[in-house]
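Just the one chain here, the form predicted on its own, laid out as structure tokens.
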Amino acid sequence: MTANKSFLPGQLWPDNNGVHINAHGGGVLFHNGVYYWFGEHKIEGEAGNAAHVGVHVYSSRDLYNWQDEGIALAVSDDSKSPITRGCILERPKVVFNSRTKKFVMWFHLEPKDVGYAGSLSGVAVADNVTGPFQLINAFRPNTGVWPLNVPDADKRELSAAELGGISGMDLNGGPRPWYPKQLLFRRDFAGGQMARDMTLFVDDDGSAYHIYSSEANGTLHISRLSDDYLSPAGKFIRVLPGRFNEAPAMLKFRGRYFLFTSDCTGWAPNPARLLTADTIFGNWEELGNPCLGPGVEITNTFISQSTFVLPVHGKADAFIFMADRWNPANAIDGRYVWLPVEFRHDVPTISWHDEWNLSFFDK
């Protein structure tokens, strides 16, 4: 087959076998000169919105052409396994730990047949970049830990009266005018914080962070990981309580942190959001929609939702905004929207390109 020489956002993207790449909600790891793309393997129809295969991995040296490397993490046929076939396994991200020489995968996990009530984090490890990865834990993060950036007066578990006051609320993951934005992290102190849409970010000093939608999607958490990247380190902050951000994807540019997110509108696309802070545990502020250009497409993030920001190796200040066009009626037909990040006044922006290649970053 003819080798690809450019990106065609939103179009079918065949792998080396001529099959549309099956790595949804994914992320990319650059290791030893090769890019590895990990993502959710979907099957046809609505059934594909649950996990029936696992996490797929592909490899590439040029980012245009991808070789199928198989299933990095397989679901289990054991009904007692947290990742039994039919569970919900979303947004897998893989990082390499230079200390332990292990590849570490984190993902959002919901046990089979409970909807999104579990709000768990899954952690798996492998000796080889393409796997096989083995699940080592499934849990809610930061059990028994208070956020660093809340007043001491709020560092107390809910009283019986407070708990009763929220027990009947409809908190299904979307914005609510009555959302109790200072209560849910206290409710979940003992059992661990809810963790849904997520990404991983490794800073320049090797410290790693788990960034996830928490508190019924109402608040983002940024949580430092242990030195081996296998568990929370016991330090996290809450970001924009009550604002309802999901689909986090982070980059660092000239010492400043930027976080792409979206609103919580289910499978339907919505305007992207851009958050920024001087330090990763700093005061995060919202900058608005980073998408630029004419037409309604900028109000729905070009009919997509963020999943990862990919640094291009060997090119200074070059990043690719990775996003998904979800198709819940036929999950396997989800498409990928990869667009170059353009910096205007040192702020990342995204514009539409029908076709583009890496020479864009040579301007």
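Numbers follow the displayed sequence, beginning with 1. In this text, all values refer to a predicted model and were calculated from it rather than measured experimentally.
Beyond what is shown, the protein has a form predicted in complex with beta-D-galactopyranose; the following relates to that form.
Undergrad: Using a 4.5 Å heavy atom cut-off, which residue among 146, 281, 253, 267 comes into contact with beta-D-galactopyranose in the predicted bound form?
TA: For this set of options, the contacting one is 267.
Undergrad: Should residue 215 be counted as a contact of beta-D-galactopyranose in the predicted bound form, where contact means heavy atoms within 4.5 Å?
TA: Because no heavy atom of residue 215 falls inside 4.5 Å of beta-D-galactopyranose in the predicted bound form, the answer is no.
Undergrad: Flag residue 90 as yes or no: does it have a non-hydrogen atom within 4.5 angstroms of any non-hydrogen atom of beta-D-galactopyranose in the predicted bound form?
TA: Yes, residue 90 lies within 4.5 Å of beta-D-galactopyranose in the predicted bound form.
Undergrad: If we define contact as a non-hydrogen atom of the residue within 4.5 angstroms of the partner, is residue 304 a contact of beta-D-galactopyranose in the predicted bound form?
TA: No.
Undergrad: Looking at 131 to 139, 90 to 98, 231 to 239, 203 to 211, which lies within 4.5 angstroms of beta-D-galactopyranose in the predicted bound form, counting heavy atoms?
TA: That would be stretch 90 to 98.
Undergrad: Within 4.5 Å of beta-D-galactopyranose in the predicted bound form, counting any non-hydrogen atom, which residues from 246 to 262 show up?
TA: Sequence-ordered list has one entry, 246.
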